[in-house]
Structures are given as structure tokens and as C-alpha cells.
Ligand code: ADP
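In C-alpha cells, one chain follows: the form predicted alone.
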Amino acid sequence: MIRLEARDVTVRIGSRTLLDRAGLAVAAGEMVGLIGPNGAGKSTLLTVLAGLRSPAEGAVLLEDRPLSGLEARARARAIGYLEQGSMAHWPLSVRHTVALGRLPHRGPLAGEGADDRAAIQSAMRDCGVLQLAEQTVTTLSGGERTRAMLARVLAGQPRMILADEPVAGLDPAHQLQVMDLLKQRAAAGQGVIVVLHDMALALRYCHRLVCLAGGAVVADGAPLDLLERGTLADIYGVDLLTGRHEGQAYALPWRLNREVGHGG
């Protein structure tokens, strides 16, 4: 079974420790939510898992092999990464932006093949940006740009999808669309790690939640178990309003139960 794992990963910047022996794993067919307060190390851990940052200690393994040993194109075919904020750096059309996701599958001078065109079309359709194909990506709204950048990741058909706050800035309908899409990708056999702050979405969509605080993993388990043990309330310092609807547990942050700092 395909598996991506961070094992005892430590990341430092100067004297500051961003991650302290953090570890998690995701297998094919699994959707893991990475949660925790601001500054907990979630985005840092995701960049390490994507091979974009090297840890000071520890290792990232893909199918029990060091990720650092893979050449860049092979890594890009295996792992798709959606960064937080989904910035677009070039004034390309949406279709050309999404097509960049196919580059790891093509030779240096090769043009688009039938498989490339089908993957690009499918990803744009799934992410709801097909009608925006000829628009310049830098002119899109934040939510439209996020969906276009997600389509670029999905067009690459990676075995692992790493998404950093993919629903931030989206309206409720598009939040559900994106989460439904990621859950479908997991059901189809891809592994998904998604950074979330919305506990209702985390409980509803994720098979497992990994909780970070202060750069360390403090809990890893089934969403309902973490909710019932009070872990979710404790990690954010809030009281939760909880209930069930259509057989599904939900939780909404209701009031602070401790003073909140002003860190990032």
C-alpha cells in the first residue's frame, strides 16, 4: 500500500524550533486532517512532507524509501502540493495554469498528449473552473484562484495530495465542493492530507485527525474519539457546541475558555 510518512521530523530556524520530532503518516485511500492553532507547525510539516523543506532531523519516507532520494520529477508525480493562499505568479490563462500540473509526466520537449488533455479537462471540470478556462488566473477572485490551483494539482494525478487550508476564503458551497472532491479522491485510492481550521468540516470529512501544538503532534486519532475526549476543545482553548445531524457528529466553537495569544 502506498504510504507517505514523516518520522520524528525536527525543523529549526536559528534558535527557534518550528517542529519538534513530529510524525504522521497517510496511506492510499485515507484522508487525514492536520489541525491545531495558528503557529503550531502545520504548514511547515506539510512543506516537509512535500519535499520542499529539509528537516534538521528525522526523515520523510514514501513507500518506505527516503523522499530525499527521489529525483524532482518523480517526486512531483507522486506528491501534489497546494500551498496556503494559492498564489499565481504569472498572468497565464486558467487552462495553461492547470496544464502546468502535467509537466512532470512529459519529456522536456514533448507537447500535450491525449492523456494530458483529458486530465486537464477533468480537473477543471471537477474544480468548477471549466468556464474560466480562458481567463487570466491573476484576475480571478481568491476563491476562484484557489480552485484553479487545486485543479493544477489534480491534473498531475499524484498519488498523494497535500492541501494547505484549501477552503480558506471560499464560500460555503465551494467549501463543500472542495471537501467532497478531496474525499472522492481518497475514496478512489489517493492519499490526502488537508490542513483545516473548520472543525465541522474536519469531523465530517476526515478519516483521521492529527493535532499539532507547539510544533509537536499531541494527538492522532479518529475525529469522533478526539471530540468525545475533549481533545479538540483543549487544543484550541474553546468550548464547543456539539450535536448530531443525519448520523454525523458536528462541533462549533462557541466561546473561549482561556486567553488567546497574539502569535501567528
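Start at 1 and count along the sequence shown; that's the residue number. Note that the structure is predicted; figures quoted are calculated from it, not measured.
Beyond what is shown, the protein has a form predicted in complex with adenosine-5'-diphosphate; the following relates to that form.
Contact check for residue 68: no non-hydrogen atom falls within 4.5 Å of adenosine-5'-diphosphate in the model of the complex. In the model of the complex, at least one heavy atom of residue 13 sits within 4.5 Å of a heavy atom of adenosine-5'-diphosphate. adenosine-5'-diphosphate in the model of the complex comes within 4.5 Å of a heavy atom belonging to residue 41. Mapping the unseen interface onto this chain, residue 84 counts among the residues with a heavy atom inside 4.5 Å of adenosine-5'-diphosphate in the model of the complex. Of the candidates 51, 29, 37, 58, 37 is the one whose heavy atoms come within 4.5 Å of adenosine-5'-diphosphate in the model of the complex; the others do not. With the partner omitted here, the stretch from 59 to 67, 235 to 243, 43 to 51, 220 to 228 that lies within 4.5 Å of adenosine-5'-diphosphate by heavy atoms in the model of the complex is 43 to 51.
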